[in-house]
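Only one chain is included here, represented as structure tokens and corresponding to the form predicted on its own.
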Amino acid sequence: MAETGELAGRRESALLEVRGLRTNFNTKHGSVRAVDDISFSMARGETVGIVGESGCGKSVTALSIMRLISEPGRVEGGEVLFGGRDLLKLSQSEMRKIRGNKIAMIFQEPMTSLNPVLTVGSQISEVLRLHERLNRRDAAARAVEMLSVVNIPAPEKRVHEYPHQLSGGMRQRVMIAMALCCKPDVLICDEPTTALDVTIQAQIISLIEDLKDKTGAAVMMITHDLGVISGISDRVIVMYSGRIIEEGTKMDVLTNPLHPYTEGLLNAIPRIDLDCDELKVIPGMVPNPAFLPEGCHFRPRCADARGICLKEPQPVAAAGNTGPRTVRCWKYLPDWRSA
């Protein structure tokens, strides 16, 4: 695929760049690829939304970048470039200095991510003492300050409470406070609004956006909620079966989807301005990665599928009104017309 001047410029200014990332899991059916040749970049101050159904490889991509994949999983290849260094080649001790410090992650379920036998203040203090080298007293004071930053009421009291004493929204705010206390350059948010009511969801998204604007961090927002993506993202990456199938600016992808899967996701969103008796759905399910269909992985669910779709499509540059974009679909390759 020919690289446009805009794409090349983004690569040069990238804060984080992922090249050809591949992650496999060993199963009883053999080695299964959960992340298949993923490449993208993030610039400082940019929010990149990664969207797709459950099982598309979004969270595994984030965990691979953070070097948190454990057996039976394994990062098989590719590069994750940050500050001129390939994170996949660093030692564990070198990676620990970056993880939680320069690159932080807000995990999907705070109740299982926070330690239930430690107060939330001690957990935030631990991060500060490890990366900022603060003494116990200064770290405790900073923990109170961080709870205040994420709008937790009565932070002097909450800092001494345990995770089970807090609501879901407050636990998520604690996770955000932990992630931001070292002022990371890259913030990875893995479904940060899952299981929260819509009011709290809006507060969490607004909080992440405000803190990003203040710190200039790059944000990776992983979600299946296109409403969240439309509200916070600058650029959108659509994943399916471990691959990026469409990428472009938020405006281009959400208003003019090119891939049939992206179009299906958008059509499945309920709309108050349309009179319909039932919700539109994408037929079928995301395929088991151990038994992927031949050629295009979306082919069995696609109404536009043709014989040529039995071959694996490659990403191609596509026209965008507000920026460069790519799509992985035979419809945008010359052979489609003669198929």
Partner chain sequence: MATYILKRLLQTVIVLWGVSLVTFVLMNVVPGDPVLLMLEKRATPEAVERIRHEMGLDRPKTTQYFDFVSKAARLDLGRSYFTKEPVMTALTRRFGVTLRLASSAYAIALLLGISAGVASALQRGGAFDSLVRGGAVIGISAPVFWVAIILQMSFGLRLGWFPISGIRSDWSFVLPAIALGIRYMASISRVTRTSMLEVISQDYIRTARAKGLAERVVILKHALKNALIPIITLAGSELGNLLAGSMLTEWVFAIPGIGKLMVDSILMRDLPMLQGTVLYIAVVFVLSNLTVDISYAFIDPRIRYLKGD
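Predicted model, so just to flag it, every value in this text is computed and none were measured. Positions refer to the first chain, counted from 1.
Missing here is the form predicted in complex with its partner chain; even so, the following discussion is about that form.
Using a 4.5 angstroms limit between non-hydrogen atoms, P116 touches its partner chain in the predicted bound form.
The closest heavy atom approach of Q123 to its partner chain in the predicted bound form falls within 4.5 Å. At a distance threshold of 4.5 angstroms between non-hydrogen atoms, L130 is in contact with its partner chain in the predicted bound form. Looking at S206, you'd find every heavy atom of it more than 4.5 angstroms from its partner chain in the predicted bound form. Picking from 75-83, 93-101, 208-216, 145-153 the stretch near its partner chain in the predicted bound form, with a 4.5 Å limit on heavy atoms, gives 93-101. Interface residue among I222, M239, M178, V159 relative to its partner chain in the predicted bound form, by the heavy atom within 4.5 Å criterion: M178. When its partner chain is considered in the predicted bound form, only one residue from L63, A305, A34, A43 comes within 4.5 Å through any heavy atom, namely L63.
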